[in-house]
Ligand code: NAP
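Single chain ahead, by itself, as structure tokens, in the form predicted on its own.
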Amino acid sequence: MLTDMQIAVLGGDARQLEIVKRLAELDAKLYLIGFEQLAQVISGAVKEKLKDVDFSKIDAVILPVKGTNLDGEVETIFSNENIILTEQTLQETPSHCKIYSGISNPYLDKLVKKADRELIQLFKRDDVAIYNSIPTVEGTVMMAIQNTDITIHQSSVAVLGLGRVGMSVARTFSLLGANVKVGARSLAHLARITEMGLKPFHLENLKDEVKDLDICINTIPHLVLTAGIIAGMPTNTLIIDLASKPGGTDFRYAEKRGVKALLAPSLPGIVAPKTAGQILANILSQLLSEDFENRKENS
């Protein structure tokens, strides 16, 4: 239980509501900032303006998955209020206060460092990434169906990268009957691809591997699908880029050549916001409970 723990929830989308519900069930006292247009009433959660919250009593700050933008602004779909997270706000919090976000950026990194607070990036955790790969894969399948005129079955598919998402995507498309090959650099990853019964290839040979593709799915957050690579693809190839913005594709050249290329980060929050929110709620409730118990034991 989180009785007597005070948590500020700043902005967010439908995923944030699942987090709020779970923490409310655990009896935390929640201050919802950027939720004035939310019609739903959640017991234990109070809607507040940023300026009206006493941050000296806040034990944890929960940001949206995207954290802030490079100007410190927090995105929210339930408010027209301009919410800016500042160093002053964080410095008002107790020294034990932790900041939770999905990802970070230079602004947020600098902010928490200057305020001397700990930032927890949930998407850096293996468990979150693995759980999130499930709705990501479903969304990828949906995009492939919607944007091609062929079946996935017997199609030629290349998956770039064998991280947590790449592995799930490659396995699923193979189970749907696609002819899947996977590009990686690590010898261990190439061995794992072989063990999975899929065709491995080294990314150095990518140019030779794209000549017959129906679908190319990139999970690598670096420029991999360059103009030179895209030039060797059939024009009817569909590129689905799952890497975080700006992705790993030269979208300008893809459009110029007539190759459909779709940037699709954050698919869990788009195709299954409730499930994606529950994944984050489960992890957050565990982390907050552990932190709360540790502080009570040491007080």
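Start at 1 and count along the sequence shown; that's the residue number. All figures in this text were calculated on a predicted structure; none of them were measured in a lab.
The following text describes the form predicted in complex with this ligand, which does not appear among the structures shown.
**Q** Given a 4.5 Å cut-off on heavy atoms, tell me which of 254 to 262, 23 to 31, 236 to 244, 59 to 67 is the interface stretch with this ligand in the predicted complex.
**A** Within 4.5 Å of the partner lies stretch 236 to 244.
**Q** Using a 4.5 Å heavy atom cut-off, state whether Gly163 contacts this ligand in the predicted complex.
**A** Yes, Gly163 sits close enough to this ligand in the predicted complex that at least one of its heavy atoms falls within 4.5 Å.
**Q** Might Lys114 be said to contact this ligand in the predicted complex, defining contact as any heavy atom within 4.5 Å?
**A** Residue-level check for Lys114: no, no contact with this ligand.
**Q** Is Ala191 part of the interface with this ligand in the predicted complex - any heavy atom within 4.5 Å?
**A** Ala191 lies outside the contact set for this ligand.
**Q** Consider Ile77 of the chain shown here, and say whether it contacts this ligand in the predicted complex, taking contact as heavy atoms within 4.5 Å.
**A** Although this ligand is absent here, Ile77 would stay clear of it in the predicted complex, with no heavy atoms inside 4.5 Å.
**Q** Among Ala45, Val53, Leu267, Leu38, which has at least one heavy atom within 4.5 Å of this ligand in the predicted complex?
**A** None of the others qualify; the residue that does is Leu267.
**Q** Scan Lys98, Lys199, Arg185, Lys110 and let me know which has any heavy atom within 4.5 Å of this ligand in the predicted complex.
**A** The residue from Lys98, Lys199, Arg185, Lys110 that makes the contact is Arg185.
**Q** Which of the residues spanning 212 to 250 lie within 4.5 Å of this ligand in the predicted complex, based on heavy atoms?
**A** Heavy-atom contacts within 4.5 Å come from Thr219, Ile220, Pro221, His222, Leu242, Ala243, Ser244.
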